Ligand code: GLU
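Here you get one chain, nothing else, as structure tokens; it is the form predicted alone.
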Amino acid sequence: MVVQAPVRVRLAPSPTGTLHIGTARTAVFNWLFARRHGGSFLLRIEDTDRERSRQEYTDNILEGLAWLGLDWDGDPVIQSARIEQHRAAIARLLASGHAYRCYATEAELTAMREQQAAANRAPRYDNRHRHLTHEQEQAFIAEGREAVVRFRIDDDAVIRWDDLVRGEMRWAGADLGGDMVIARRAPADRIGDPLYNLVVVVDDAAMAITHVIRGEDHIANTAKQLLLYEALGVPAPVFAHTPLILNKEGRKLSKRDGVTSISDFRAMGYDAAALANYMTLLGWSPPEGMGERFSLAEAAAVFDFERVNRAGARFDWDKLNWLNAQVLHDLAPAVLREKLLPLWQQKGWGASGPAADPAWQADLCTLLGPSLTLLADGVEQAEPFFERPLADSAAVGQLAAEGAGAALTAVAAALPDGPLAPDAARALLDGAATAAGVKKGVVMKSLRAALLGSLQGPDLLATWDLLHRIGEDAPRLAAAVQSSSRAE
């Protein structure tokens, strides 16, 4: 595929909700394409839905894109600030005869749709006010009727374009639902609020967008918008319609499927690099030999639309979890600590005392890192290092077992004041087993139960060393010995 520079693409989300994974995947493809060709990735906030648009959603969208590493060029364009340019374009279309005022009332339009449904016909506007005379128009105005502005769509028109994903596309004007509304109802001497298809065309032209990359659910809009580009006398961009993200049943992923917001994925403990990596794979196949793990920069170096699939991309939680685990496992302990520390501090952990030592926290990350799938796992698994745990049933049973109390008493008696090196720890365990007259396995299981409140967990010697360094092993051993004594 030959791409002429300069490439200018845009993401144009509506701030009527949080950043959805479908919008974020569209952002990824736009960003990859722009960076591959040394172009610009622009943002436009399409906030013309005044009732549903919220600043908090705009903030969420911008924060989500930044968290994913999708940096944009320049300041975001705010669509509502350009309403006069949109109205000026509509005025030109009215003056050129490409648009007209339609005075049909909502009651008349409802009756029309009911008649079409009764006749088993698809709903469409019947263009009834396309050819109003001046006298008819004045009569409607005298009645106090307000008018929408409609754009003429000839039934015999054939709209064609070469789609970067789907190849040659053809759309019949007769299939577009009749003349489309491009401005809401308003008095005859005014132009009402401009609507989506019109404002998108005007803004993309003003921003000199060269490629529009968006989901396949916009294909019908593309056909309408190409007619508007032609009527306004501005060049149309190249289009690429990407596959939808589907759930496991093959339907479009929606809120009914659970988590779909980027902020929710973040709260669940997914890493930005892993989620961006996974979204790239939702509809794009990397070149042979590249594998499925890569950074955004690595994907941008080879991204093209010839490897974007036409079929829908099924969301696979198992693959996302695998990718997230691989990313977390590869993080340096200090980097993993930076990601986990805010989560720990939300729990009140690691802000003061011996456990606030960055070196100690990094060593804790070294211990826990290989077992993490989500960052949230690093909170759950770190809990017994910051808070004295309640023993589960298996640990209670172990502490009540014959010889457990004697073994832990021997361990506690031999604890050094200084560091507990691995060789010294092994020797201490051997000595405790001899002193208590039990097998070493009894000592180790009892020690794990005393330190972690469970017989499951990370490497025992590393766990013991971490707790010893903050002075937490001795009180836990003392409490476990008391528990063993009561059981006897």
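The first residue of the shown sequence is 1; numbering continues from there. Here the structure is a predicted model, which means the values were calculated and not measured.
Not on display, but discussed next: the form predicted in complex with the ligand.
ask   = Where, among 384 to 392, 195 to 203, 267 to 275, 133 to 141, do residues come within 4.5 Å of the ligand in the predicted complex by heavy atom distance?
value = Contact criterion met by 195 to 203 only.
message = When the ligand is placed as it is in the predicted complex, are 46, 214 and 218 each within 4.5 Å of it, taking any non-hydrogen atom of the residue?
response = Heavy-atom distance to the ligand in the predicted complex: all three under 4.5 Å.
message = Whether residue 12 contacts the ligand in the predicted complex should be assessed with a 4.5 Å heavy atom distance threshold; does it?
response = Yes, residue 12 sits close enough to the ligand in the predicted complex that at least one of its heavy atoms falls within 4.5 Å.
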